[in-house]
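Single chain ahead, written as structure tokens, the form predicted alone.
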């Protein structure tokens, strides 16, 4: 492949769509990004307009591609896609139009459905086959809700006229001019419908959630010939050759290719993945088993901990409380606070994820006094993400992993105060790479391997570089006091959720 070959990555996230173009050295040569509207029609409900997702993706892709080719003189040869996982879109196969808004991964409307499934004794079977717990987070119950609540959806699905997909699948349908209904195995593994051990849609899981097989996409490995984007969009045919859910893509972009390696991404939420190699391990501490990106014949697996609210706390401080104008201000405010001051924030806006898995928990702040100010609140918000990461690491360590070092990425890791606090409170070495946008880079790596821009995984491994290492420096006594306060705050939050259920 020529050295002037470029890869266009579509990084479709929860709050924005971003396109990045990478060259054959793995460097970024162009970026375009657009935010889009978030819809909250009821408490706990989170929706996107699929047309917003499509249009912002297409617009940013075109802008980034034009800029990159003009700047470098090179040519984009393939497309990679990294996408927000678990978000559900259902569309009409004949018209290509969605039947409803997308139900976002954060949405909790199917909590009662999940509780009924658990009460029916199905959790062990679901966990054994899908690697997941029964929770509104995952796609399957969202799909069931659409089929039950959108007029004519169930009858159209039974007639084979509807298509279901996660965001990657919807984008490829549109890119291909309606010719492709495909996904990759990392996205499929987040649906509650896919048997990760056998690598197929599971008939018993489909029957449990009353999902007709006809609505499901074909599943490929993450580096594969998915579809061709038609000339209408970019002026020429471009193959889509790499696809992965954003967290698996980030792990691939972080070069976490070997068993035992751990990455943690801090975007809207926080997601920690530990590479398990070709062995599908089952957590005994309420973490998830999931499929990781692979380049060979053998399936690759990971253990994952999911936190629903991470960088979203800064959006909340900015948009709802209006105590900051940009996320970057939180670093200075946290420094100004000086100390914890006994203030704890549990950001359970849409329930608590791993290892608690309580869909009914709601956000709470503890330890407020008349003297509490915006610096204390900003610090508590940042601290909450570190404490939640500690909860994940505690569960991971109990499962037999020794996570002594973590590679981090995502927009939030530009905050050095946060990363030092993270290292201190978890007593773990934190590695920030020179390229913190690992999600997009992972999709570029996958696409480039398939299209020939990169010759091997060994080449990719050499492209990863550390920028800053944060080592723990907090005294054990101080750490114990802080962690004990957090544990009390979470316990109180969970107790309140239990009272609400009663």
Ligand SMILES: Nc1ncnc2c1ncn2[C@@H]1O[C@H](COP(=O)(O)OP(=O)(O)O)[C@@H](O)[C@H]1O
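This structure is a prediction, so every number in the text was calculated from the model and none was measured. Positions refer to the first chain, counted from 1.
One more form of this protein should be noted, the form predicted in complex with the ligand, which is absent from this view; the next part is about it.
With the partner omitted from this view, the residue of 350, 130, 268, 241 that lies near the ligand in the predicted bound form is 268 [heavy atom within 4.5 Å]. Proximity to the ligand in the predicted bound form, defined as a heavy atom within 4.5 Å, holds among 175, 312, 346, 303 only for 312. Using a 4.5 Å cutoff between non-hydrogen atoms, residue 485 does not count as a contact of the ligand in the predicted bound form. For residue 78, no non-hydrogen atom is located within 4.5 Å of the ligand in the predicted bound form, even though that partner is not displayed. Though the partner is left out of this view, residue 139 does not reach within 4.5 Å of the ligand in the predicted bound form, counting heavy atoms only. In the predicted bound form, at least one heavy atom of residue 328 sits within 4.5 Å of a heavy atom of the ligand. Taken together, 55, 171 and 216 are entirely out of contact with the ligand in the predicted bound form: none brings a heavy atom within 4.5 Å. For the ligand in the predicted bound form, the listed stretch (360-368, 320-328, 93-101, 222-230) containing residues with heavy atoms inside 4.5 Å is 320-328. Contact residues in stretch 393-415 (any heavy atom within 4.5 Å of the ligand, taken in the predicted bound form) are 410, 411, 412, 414, 415.
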